[in-house]
Each structure stands twice: as structure tokens, then as C-alpha cells.
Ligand SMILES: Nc1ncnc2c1ncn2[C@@H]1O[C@H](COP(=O)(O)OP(=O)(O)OP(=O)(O)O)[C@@H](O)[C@H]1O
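Presented below, as C-alpha cells, is a lone chain in the form predicted on its own.
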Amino acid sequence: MLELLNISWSVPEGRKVLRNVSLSIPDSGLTVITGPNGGGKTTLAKIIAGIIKPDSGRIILNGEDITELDVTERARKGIAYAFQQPVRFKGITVRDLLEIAYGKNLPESELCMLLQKVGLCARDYRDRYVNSSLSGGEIKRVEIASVLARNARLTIFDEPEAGIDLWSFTGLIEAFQEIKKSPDRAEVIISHQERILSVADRIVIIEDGMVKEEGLKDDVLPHLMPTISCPVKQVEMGGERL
């Protein structure tokens, strides 16, 4: 289990983005963190991954305090993070990236399956370089495929719907549901997309840097539905937020 205890963080100018956030992420299942733009969702995800260090509070993973560990050390402990705006690489092919994430050579069938889950044809993409020759949406899909290849204990997706067309989005939903079936893998998805919320096990609402509500999907979603402002037709929209 991942526990966040009284996590706070402010921008250098002093504005508080997170205010004493405490919550628990179970060892399995899908937790969706949602809420208004600018409420602190992406910041919280980056703090869990070790990209940002909190100003105060503690992060406990299976009884171990990992607050001071950086992103690389947390990755070794099984935490994977998919960026809202993926990184581009020079001299690395799609196959190379997926095999690095997988930890060894990927059988052709596994490679095809991973790319298919994000709506890409293996024949067309496996040997392409992960650089400017790929569009923003293609880069996003490849990164999500690389995160899926890791089979991490805790996987964090920051607005995975951004830059993904509707057909590929359906495949992602299926991939998220597949991960949910594993008793020793957990997912955290930052999103306000209705279809992602509908497949969650738990929902956490972050507003003004605080936990406004959290609980089982069936308890939280009815309160949230009237306020959802990002219907399915808008899934291609994205952008870095706090």
C-alpha cells in the first residue's frame, strides 16, 4: 500500500498547490484522481513518482518511508510514471524503448500486443525512431506502451487521454481494465474523463490543493457526474497542468 501523509507543496513564488494531503492507494485496483484544473492533481502524481519533492509530509510504500528517494530509486521499487507530455529520444527505436522498459528482448507477439493496445501497428512503428518524426499523439502512445511493458507494482498515468484518438482510447480503457485484474498491481490515473472514471475502483477528488472527497466509485461518482467538464469527444485535448 502507498500512503501519503500530510503532503504539502508550494511553487517558488509561495502559492500553495497542495495542502496537507493524506490518502492511501491500495495494492491493487484502479484509483482515479480527478478535480478542477489547477487543483494539484499532476503535482501530486509527480510527488508520488519522485519527480517533485514535497515541502512537508511523508510517503510510505509498503511500510517503507520513500520520501527522500528520487525518481530512479522509486522506479526500482516498482513505481512507473507516464508523463502528460512525453520525452523524445535520439537514436532509440520504438522497439528499443519497449525492450528497455520490459527489461529484456520482447517476443514479437508481445511487442505487437503492446503497440496494439495503444492503437499502433507494430509493422509500421517498431523500427521507427522515437524523435521528431513521430507526432505528439504517437509519442504519447509509445510512452504509454512502454509503461505497460514494465509491469510495475504501481503505475501512474497523467491524463493518458491527452493526444489519443477515440479508437485508441478504447484500447487504453481495455488495457487499464486488464491491469485491474492483477492482485499485485495498482494503477493511479489523473483524469477527468468520464469513461476512465466509470472503470475506477476508487475516486479521489482534489480541489484547491486538498482532498475534497475520496471513496469507492459507486459512492463518489454520483456526486461528481454533474460537474464533469471533459466529455469523450474532447479526449484529444491536453496540456501540462498543476
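The numbering used is simple: start at 1 and walk along the sequence shown. All values reported here derive from a predicted model rather than from experimental measurement.
Absent from the display: the form predicted in complex with this ligand. The rest refers to it.
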Flag G38 as yes or no: does it have a non-hydrogen atom within 4.5 angstroms of any non-hydrogen atom of this ligand in the predicted bound form? yes
With the partner left out here, check for me: in the predicted bound form, does some heavy atom of E159 sit within 4.5 Å of this ligand? yes
Applying a 4.5 Å heavy atom distance criterion, does L23 contact this ligand in the predicted bound form? no
Can you tell me whether V17 touches this ligand? I mean in the predicted bound form, with a 4.5 angstroms heavy atom cut-off. yes
Heavy atoms within 4.5 Å of this ligand in the predicted bound form: which stretch in 170 to 178, 211 to 219, 193 to 201, 38 to 46 meets that? 38 to 46
